[in-house]
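Heads up, the chain below is alone and in the form predicted on its own; it's given as structure tokens.
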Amino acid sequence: MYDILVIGGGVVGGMILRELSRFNAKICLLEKESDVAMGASRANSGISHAGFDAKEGSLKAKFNVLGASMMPKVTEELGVKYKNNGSIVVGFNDEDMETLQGLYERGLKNGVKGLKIIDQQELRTLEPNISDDAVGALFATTAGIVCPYELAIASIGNAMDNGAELKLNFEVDKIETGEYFTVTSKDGQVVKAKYIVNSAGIYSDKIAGLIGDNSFKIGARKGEYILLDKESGNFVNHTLFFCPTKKGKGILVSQTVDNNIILGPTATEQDDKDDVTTTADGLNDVIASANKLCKKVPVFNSITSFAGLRAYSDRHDFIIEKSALNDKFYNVAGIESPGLTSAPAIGDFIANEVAKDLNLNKKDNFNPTRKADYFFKNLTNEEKNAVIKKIPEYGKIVCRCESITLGEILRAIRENPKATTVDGIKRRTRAGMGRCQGGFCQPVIVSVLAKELGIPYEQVTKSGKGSEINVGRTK
């Protein structure tokens, strides 16, 4: 019997779990995939938004501004890369500049600091590669960039280090209510709990429906991206946006925390909540829009493209509330942009609400810190030699593009939450994320996984069941 179950292992569910692990309670996270951070947290823009876009008085506005203020400390504690690079919303005509003035005023009402309208000359000074057609911009100095899947992995790992449990490959199929909840997975696993927090992303309406709560609907909006090599990492200095529309903040051009350049996303509503394929039309739209925002975008340096799905609700705002049908069941749903930014604040709010309901006390020995998943290449030569002397595996480079060592790969397999797939290793260490996209290091990583997990080489997968990499041996 658990005190609290969190359903959904994305960045919001992870931050909720981490904050709950501060309390004396038996808690567990249920995730239907083979790893955490496999949904929207795996593929999004990685922007910590300042908070000027959300309508004043909305939950988006409230949690965005709070989350943005918490992000520097949270990422420092969890060993997750964060950069306060600032964001720029670009105007191309008088109508755009009026929109930007409205966003500026909304931002002030939301409590956003460091906002200013800049003219064409200042914009070009900040961003030399901006389009010649740009006439001005809204500059938000408090915005930043962060790695979404790193934040999800680190928050869940930190929670597990503080006593939380994680059940992967647990696809919730049935929830029985009564004195407590009985939750059954598709393959027949059963767990029980006093409270449930539903943070299941695009499937949160389905999970709520299992207790008869059909008070909201969640749709899926596909976003396609292109990632450029680090060789182009200084093409822009800030996160650049067009003026936002009803479908979102539009195509952006931004640095990432790892000094790549990311272009995208598109915004295509679709019924299929599993389709994350990229399309020629979508990627062409990304390129065309990026070239309107900037001059001569170095698309020739692209190393990969990908797509992600983001949830949006029919209420057009975050849903963060107890279910009207059961006050021990919390819905945390429709967490679209600025959901990543808001995640620390949402986690803090939900954890404290549930703790009050259950009359929980805080732990005396909670440890909020976690060592960065990959750190070795940032050490001095003296520090590297000291690490290698203690753990020789750090002396062997496996991924040449990203300079990732065998020691880091082994650590990713052994620490919470443990990596069991090639993509799991990639998200934790960046092995396979460089220019060759795993062309050289993948066979070694498969061998290491097979040995560490005690399974045949052929059973190692890219991202879980059905994604086997090798079908058999040729010799």
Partner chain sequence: MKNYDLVVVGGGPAGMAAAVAAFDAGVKNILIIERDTKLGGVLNQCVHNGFGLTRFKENLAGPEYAEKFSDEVEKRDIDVMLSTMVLEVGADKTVTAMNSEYGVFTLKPMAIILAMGCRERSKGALNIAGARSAGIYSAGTAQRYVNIEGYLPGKNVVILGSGDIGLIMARRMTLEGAKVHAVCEIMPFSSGLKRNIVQCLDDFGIPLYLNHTIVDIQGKERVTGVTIAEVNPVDKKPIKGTEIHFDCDTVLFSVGLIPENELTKNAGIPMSPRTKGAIVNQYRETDVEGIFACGNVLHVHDLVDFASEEAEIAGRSAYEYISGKLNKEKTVNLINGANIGYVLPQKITVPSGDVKVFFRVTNVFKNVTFKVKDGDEVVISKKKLTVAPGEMETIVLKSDLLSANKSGNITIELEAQND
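Numbering follows the first chain given and starts at 1. It should be emphasised that the depicted structure is a prediction, and the values quoted were computed from it without experimental measurement.
Not pictured, yet referred to below: the form predicted together with its partner chain.
Heavy atoms of residue 396 reach within 4.5 Å of its partner chain in the model of the complex, making it an interface residue. Looking at residue 22, you'd find every heavy atom of it more than 4.5 angstroms from its partner chain in the model of the complex. At the 4.5 Å threshold, heavy atoms of residue 234 stay clear of its partner chain in the model of the complex, well away from it. Its partner chain in the model of the complex is not approached by residue 238, whose heavy atoms all lie more than 4.5 angstroms from it. Judged by heavy atoms within 4.5 Å of its partner chain in the model of the complex, the contact stretch among the candidates 439-447, 53-61, 413-421, 66-74 is 439-447. Judged against its partner chain in the model of the complex with a 4.5 angstroms heavy atom cut-off, the residues 384, 435 and 470 are in contact without exception. Along 295-309, these residues reach a heavy atom to within 4.5 Å of its partner chain in the model of the complex: 299, 302, 303, 304, 305, 306.
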